[in-house]
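One chain follows as structure tokens, the form predicted alone.
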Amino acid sequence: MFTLDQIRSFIAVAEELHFGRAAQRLNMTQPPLSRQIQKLEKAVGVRLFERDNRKVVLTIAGTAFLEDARSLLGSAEQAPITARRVARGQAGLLRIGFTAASGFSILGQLLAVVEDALPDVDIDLREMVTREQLAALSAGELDIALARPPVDHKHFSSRLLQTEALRLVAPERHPLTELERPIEGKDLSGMPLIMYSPLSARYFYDLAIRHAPIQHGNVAHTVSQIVTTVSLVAAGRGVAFVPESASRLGIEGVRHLQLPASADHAVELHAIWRRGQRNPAVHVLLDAVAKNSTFDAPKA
């Protein structure tokens, strides 16, 4: 097997086509340079140069080998640089999970921070519900999740990224839109509700239960995605609880109504990562987030 020193020697001779000049370029004498080339030709199994007392010429095999040799040497010299940059979180891959709702609320702002703090890190985005994200974190398939509480702090660490108000969304000409005050639970008694699945959307299911007197007869439909929820409200199928950021969806035919002050910071989104996370890019991102006022979200 050949060595990198032999490759460097070969490239120098191939580019200078003169052993004396190549030796001077490599800060060595000519005899050891000749030995390096002889060892390389023996390892490769072909002659790479035709040489006599007057000239040095690459063989056809040598010309072909030169391109690969340059590539090999470039990769070898880049490898430790890349390793050091990955260790500092300046390169590599960052796999980020996010909920559909965070996709139209905070994801864009977070990616702007990533681009600024980690310009050479590749980003792999994966849309998942919170339960799927936590399973992927545990399996080592995600580096960081944008997900809803609660957080199992035995296995995960977390940082609150955002709080936002919980709102009631109603059809545009619904009687509730005429009230000139926040909507209270008693106002929803007997009204058809678009409800969240207690399995695939447990977080918003619990929020809805907390803010409305939901009975079995109230529930008109059960869904798991906020886009579907607002679309059903626009179709006149009922009213529903949504995060304030759902107004950015731009779905026509609905009104987003205020709830009591207790709902002003009810919806939380956390950055969650596995304890003992070893991807340095995660920690660079978290440091950047900590310095960014966008993510100074107050607790409810």
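What we label the rigid core is the largest C-alpha set whose atoms superpose within 1.5 Å from one form to the other. Residue positions are given as counts along the sequence shown, with the first one as 1. It should be emphasised that the depicted structure is a prediction, and the values quoted were computed from it without experimental measurement.
There is also a form predicted together with the DNA; it is not shown, and the following applies to it.
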Counting non-hydrogen atoms within 4.5 angstroms of the DNA in the predicted complex, say which of R237, H265, H256, R51 makes the cut.
R51
Checked L66, L232, V56, L249 for heavy atoms within 4.5 Å of the DNA in the predicted complex; positive is V56
P260 versus the DNA, in the predicted complex: is there a non-hydrogen atom within 4.5 Å?
no
Is the gap between S34 and the DNA in the predicted complex 4.5 Å or less for some heavy atom pair?
yes
Quick check on I60: any heavy atom within 4.5 Å of the DNA in the predicted complex?
no
Contact label in the predicted complex: K39 to the DNA, heavy atom within 4.5 Å
yes
Pick from 66-74, 240-248, 23-31, 269-277: which stretch has non-hydrogen atoms within 4.5 Å of the DNA in the predicted complex?
23-31
So, superposing on the core, is the move of G236 at the CA at least 2 angstroms between the shown form and the other one?
no
Yes/no, L286 Cα shift of 2 Å or more between the shown form and the other one with rigid core fixed
no
Hey, does I251 budge by 2 Å or more at the Cα between the shown form and the other one once the core is superposed?
no
